[in-house]
Each structure stands twice: as structure tokens, then as C-alpha cells.
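Listed next as C-alpha cells is one chain, alone, in the form predicted alone.
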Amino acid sequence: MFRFLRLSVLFAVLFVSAGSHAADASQPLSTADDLGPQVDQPIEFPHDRHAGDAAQGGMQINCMYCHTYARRSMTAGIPPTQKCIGCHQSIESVRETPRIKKLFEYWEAKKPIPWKKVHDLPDFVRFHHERHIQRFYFQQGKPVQEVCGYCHGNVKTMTVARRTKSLSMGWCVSCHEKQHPVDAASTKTAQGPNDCWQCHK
């Protein structure tokens, strides 16, 4: 009975995922002109200013400085307001800008900033940031913005993050089917896991 129930759940998940993949295929999100749905955030956070290239006025901050859980957890995490204040309490030049005023309003009210998810996945999908960061950043030594950008797009050129990849099951499977180097010092390659239960628990 348990085996039948497990298979029924698996087929239902695959059916829903296949449908979402077909919908994604008809509306690609990876073109330069289509950055996916605009998510209104409580503060228009300028990723381009924080993570962007120095030549364009960016500070080149490593993605994992703010999204600290990405290297050790399933989720990347949203930085607590305290992290933003830690820098901005010492930067007088922007203290009176509307974004920073709003930041301090949340801080002084002792309220978290109610950020909204941009790269949200269905509840039946489990994506593990730590595994991907460990493999591609720490083992292969790829630049962090390239590793994060594979799924999140070129965030360093955006203000509020926008979804640029479909993140459908077919899109993920196509990456898992590729041969990726095991580490930076080896010519050995391996594919990602193809067991359904790795992503659907």
C-alpha cells in the first residue's frame, strides 16, 4: 500500500512539473528583453550598486556576504536588517536617500523588512543551495557571481532582482545531465544526481 501511495505521489509531481515546463517553454524567461514578473519590494534594493562591477560604480560585494546561508544551508537566506545597518550607519553620503530612510524606519521600529520571494519554487521541490555552492564555487573555484548567476541571472546588473531562468524541472534536469568537472584540479567529470527523490521529498 505504501509503495502504491509513493508512486502515485511521484506521478502527480511529475505531471504537474511537466505541465509547468511546457508553460515555461512557451514563455521563455532567459531573453534579455524578458526579465520575468516584476516583484514589488518594500525597498528597491540596488543589486547593481552593491554587487556590480567597479567600472559601473558597483562595489563588487560577494553574493554570499549578504546571502550567508547559501554555502551551508538549503536556502540562501535574506540578510537581517542588522547587516544592512552595519554598513549604512557609517555611510553618511546616502543617509538621506529615500531607500536608506526607509531602511532606518524598519530598524528603528524593530521590524524585519518584509521582502518577497522572487525565485520561489513549488512546495514539492527541494533545491539545496549548499550542494551547488560547495560543488561549483568551493570545489571548482568558479567565480561566485557566475555560480549564483547560472540560476539567478546577471543580478549584478539589476536593481530589484528579477527571475531570468525558467527554473522548471526540465531546465534543472538538463543541467544535471551535463558532465561537470569534479574539482578545479581534476579532468574527471560527473553528472548531477538523477534520482527523483533528490529534489522531491
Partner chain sequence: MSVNNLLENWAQFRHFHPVDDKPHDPYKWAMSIDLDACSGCNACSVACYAENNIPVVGKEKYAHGQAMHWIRIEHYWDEDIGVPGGREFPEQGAQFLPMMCQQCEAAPCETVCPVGATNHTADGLNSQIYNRCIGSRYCSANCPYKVRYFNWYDYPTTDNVWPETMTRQLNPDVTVRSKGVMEKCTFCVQRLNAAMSTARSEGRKVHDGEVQTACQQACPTNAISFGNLVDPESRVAKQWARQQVELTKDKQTKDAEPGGSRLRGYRILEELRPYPSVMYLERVRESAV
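None of the values given here were measured: they were computed from a predicted structure. Residue numbers count along the first chain shown, from 1.
From this point on, the text means the form predicted together with its partner chain, which you will not see here.
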### Task
Using a 4.5 Å heavy atom cut-off, indicate which stretch of 166 to 174, 140 to 148, 153 to 161, 50 to 58 touches its partner chain in the predicted bound form.
166 to 174
### Message
Taking its partner chain as it sits in the predicted bound form, is Phe124 in contact with it (heavy atom to heavy atom, 4.5 Å or less)?
### Response
yes
#### Entry: Distance check, His128 to its partner chain in the predicted bound form, heavy atom within 4.5 Å
yes
### Query
Going by a heavy atom distance of 4.5 Å, is Gln134 a contact of its partner chain in the predicted bound form?
yes
### Task
Pull the contact list for 165 to 201: residues with a heavy atom within 4.5 Å of its partner chain in the predicted bound form, in sequence order.
Met169, Val173, Glu177, Asn194, Asp195, Cys196, Trp197, Gln198, His200, Lys201
